[in-house]
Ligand SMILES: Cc1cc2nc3c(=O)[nH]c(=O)nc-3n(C[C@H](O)[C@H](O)[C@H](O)COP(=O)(O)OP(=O)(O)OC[C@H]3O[C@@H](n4cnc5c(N)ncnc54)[C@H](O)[C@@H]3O)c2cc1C
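Quick setup: one chain, the form predicted alone, written in structure tokens, and binding and motion questions come after.
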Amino acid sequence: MTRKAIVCGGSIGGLFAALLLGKRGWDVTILERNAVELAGRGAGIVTHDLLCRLIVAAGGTTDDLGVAVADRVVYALDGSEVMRAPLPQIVTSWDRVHSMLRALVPEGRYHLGVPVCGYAQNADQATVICEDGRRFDADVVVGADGFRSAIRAQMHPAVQPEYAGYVVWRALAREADLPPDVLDSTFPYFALYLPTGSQIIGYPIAGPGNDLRPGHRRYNFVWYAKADAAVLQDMLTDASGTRHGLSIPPPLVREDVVQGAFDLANRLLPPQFRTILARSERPFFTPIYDHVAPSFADGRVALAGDAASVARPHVGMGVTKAASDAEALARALDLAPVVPALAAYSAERQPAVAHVMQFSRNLGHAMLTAGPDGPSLDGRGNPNADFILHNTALVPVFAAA
């Protein structure tokens, strides 16, 4: 008899879980809370060999996956080069990975507009409970419903995302809108600016529709900036006075908050990054949180991706981590009945993911911590620069298997 799985969440983590289970003969249904197809949810993704292998395992392709960058370059406040290291990588976009995986889901298996609010189970099956009262039965339920996961909230109600004390501003600039000096000095590289207490990361990605032609690409701008809890609460308050919870939809970020970011950038950033930001689409911010569930399974119900754990983005493993969860889950279900299989999956992935989260915290700590000679205010002489340069957006050795 065909085994049935329900995957809650149709983002990249949910798609990996559905496709890798489907490859093993599972009858998989995906329930996505949004009523419209997901698109444009995030900008750049740094790929790794591990992620590329799992894309292929899920049925995708790494052909034309993104833009190749050969070097990492660190800049000082005056725009000059401080450090350079060869570190070839492919940088891509959320849209590229999601749209590729989404196209592989069989017709009729992906359901939009179905918010999940919880689950029930007995010895023989698990049941997904939806906000509209519908119920879906299966042999296994996968909670891949993001960092605000309803499945995790029921499984581990005490687990809450922990604010890191800073936000990340993101923006995209069209290659065609950038001046020649920026295109020559900065655009081709994985670029960084590393003063104590802040950080800039930037790199080229494909243009809309995965357009990789020179002149049609985009530049992904990422800026970590400190914001204490009181400042964050103000930033999360929209123009109507409504205070949002963990994050705020980008269109609702107040104009004075956006202008404040531009004013700060004009005082604190190197010239090429000021130019990139000034010529970008409207920037938006996301507060930085992390969390990890103490276990990733409860009987016939499993957690995966951001529902299971969110690491700070310095390690650049969000998509890779979700794909690795999905692979481990599918593999475990090949080897044992559902309940012991999910227990084995949790025993494998929870400590591995907890290590990744701690490593990303270490990178965040390195960003915020001054050396014995005091803070680096201009991006020069930062004693943590080498560690940050060689570990940002790379799979740690212990997680690369």
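So that there is no doubt, residue numbering starts at 1 and follows the sequence shown. Note that the coordinates shown come from a computational prediction; the quantities given were computed from them, not determined experimentally.
Although not depicted, the form predicted in complex with the ligand is the subject of the following passage.
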{"property": "Contact label in the predicted bound form: Ala144 to the ligand, heavy atom within 4.5 Å", "result": "yes"}
{"property": "is_contact(Asn34, the ligand) in the predicted bound form, heavy atom dist at most 4.5 Å", "result": "yes"}
{"property": "Contact of Asp298 with the ligand in the predicted bound form (heavy atom, 4.5 Å)", "result": "no"}
{"property": "4.5 angstroms heavy atom contact with the ligand in the predicted bound form for Pro313", "result": "yes"}
{"property": "The ligand in the predicted bound form: contacting segment from 68-76, 205-213, 181-189, 315-323, heavy atom within 4.5 Å", "result": "315-323"}
{"property": "Partner-contacting position among Leu38, Ala352, Ala370, Leu50 - heavy atom within 4.5 Å of the ligand in the predicted bound form", "result": "Leu38"}
{"property": "Contacting member of Leu236, Val116, Leu172, Val292, with respect to the ligand in the predicted bound form [4.5 Å, heavy atom]", "result": "Val116"}
